[in-house]
Ligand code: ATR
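One chain follows as structure tokens, the form predicted on its own.
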Amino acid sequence: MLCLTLTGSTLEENRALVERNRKWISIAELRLDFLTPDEQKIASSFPSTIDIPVILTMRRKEDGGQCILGEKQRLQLLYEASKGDFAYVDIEEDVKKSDLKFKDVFFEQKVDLESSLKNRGIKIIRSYHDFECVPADLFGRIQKLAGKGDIPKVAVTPKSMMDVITIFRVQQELSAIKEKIVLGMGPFGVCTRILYKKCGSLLSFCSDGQGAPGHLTAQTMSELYRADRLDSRTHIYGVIGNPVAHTASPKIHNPGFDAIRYNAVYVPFLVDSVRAFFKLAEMIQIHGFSVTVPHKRSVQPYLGRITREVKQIGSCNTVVRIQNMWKGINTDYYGFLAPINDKIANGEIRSALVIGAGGASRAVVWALHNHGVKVTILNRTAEHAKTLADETMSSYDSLDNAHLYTGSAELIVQTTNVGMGNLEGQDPCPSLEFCGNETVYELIYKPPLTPFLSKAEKAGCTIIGGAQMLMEQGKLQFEAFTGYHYPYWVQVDL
């Protein structure tokens, strides 16, 4: 189930949130702590106004909520609201039984909240939050919460791939606990939210805003990742990197899987340790994955086979499972060449300037060298370009001398990250001028028109954006993963 966390300040706003997301969700969580005081007083009416089950939650500030009231007042509000037709009520694990006895004005007697809820068929979720780490006694905590007969909920914060492994181990260690909610918060936890069923979790939370660290939208969870429809037969693929949140690759692969009715999902994994990720890959049976910075070299010791391009370039961007071993491929090589193959074959491109000497430039320089194009590498630190230049019999120079190379090449390739992220709006090579007859190729795909490409377009150059290479290399990865060509009818919005 996908549960929409409602973060509106009024019941009307929350009803609108449910309506907007209705086709993607099965349940909603009403966050009492987000409501105004006046709205909190009438919150008990909310479940009867929508057509899906509702969890009632009143989260304290220290547990990631908005409530700053005293504990007695907070729980009294929770009790009053719980008189509505809620399916679940969330109570924190450290709330004592004695704190859940209230004087009911209507009955003029003490009422026990837990007994009241159970007598009405409302299930209690006992929740534990840790915004610092994954506690060492995670399995014990879940067992203790479940021991009370309630649904245990643990929301913890993984800080490493080993922490992520611990969260995924919950299901195999505690499979006897049928109903539980297990999730990882923050950037490392995103994969546990998407693959919540692999953690043995009853549901996964999502929100239109950032209801909690790592929340994705209901539409993203349901349409892009199909998180609520994954099952034990689903093949898991993904992308590993650090950082990885910016990746557009899921927008290529998941629609492709869906179009050919291939039961698979492609998930981003934030990875700090390649070794730990390979342990996770074995544990949850990952079938293949893309590799982005900074892991394109560090995955190689774990591969049983590598292609000629990986060996030559020293960089692997795709790993697939074949015959009980991992095979490394480099689709950047052919993905880069795809938009310019005809120009090279026709002799329109015989020389190239490549800006940058980092990991991305290796595939570019080797691809051009292997196709007979004479390459000059321009880099801020010329010495960093020397090794690659020596390997490929290329020339190299400092980026400071870029103005000397105006008009010297038919192809100019920009491989650095200048122009994206915190460097967006910058030109990596301001002194280089274009004559207008060059083909200018930018590897950055966001934004689609960088200052570098914009300058080239104004000069009359033929321009190629990074989205073309991303798409072409992605199609080759898709073939390596599935054995099928990428469906031509899928329109990908990067």
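Fair warning: this is a prediction, and the values are worked out from it, not measured in the lab. Sequential numbering from 1, following the sequence displayed.
One more form of this protein exists, namely the form predicted in complex with this ligand; it is left out here, but the text below deals with it.
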{"property": "Interface membership of residue 250, this ligand in the predicted bound form, 4.5 Å heavy atom rule", "result": "no"}
{"property": "Contact flag, residue 242 vs this ligand in the predicted bound form, heavy atom cut 4.5 Å", "result": "no"}
{"property": "Distance check, residue 418 to this ligand in the predicted bound form, heavy atom within 4.5 Å", "result": "yes"}
{"property": "Contact label in the predicted bound form: residue 356 to this ligand, heavy atom within 4.5 Å", "result": "yes"}
{"property": "Contact assignment for this ligand in the predicted bound form, among 327, 380, 287, 297, heavy atom within 4.5 Å", "result": "380"}
{"property": "One residue of 322, 423, 136, 283 in contact with this ligand, assessed in the predicted bound form (non-hydrogen atom, 4.5 angstroms)", "result": "423"}
{"property": "In the predicted bound form, segment of 200-208, 68-76, 269-277, 372-380 with a heavy atom within 4.5 Å of this ligand", "result": "372-380"}
{"property": "Non-hydrogen atom within 4.5 angstroms of this ligand in the predicted bound form for each of 360, 384 and 399", "result": "yes"}
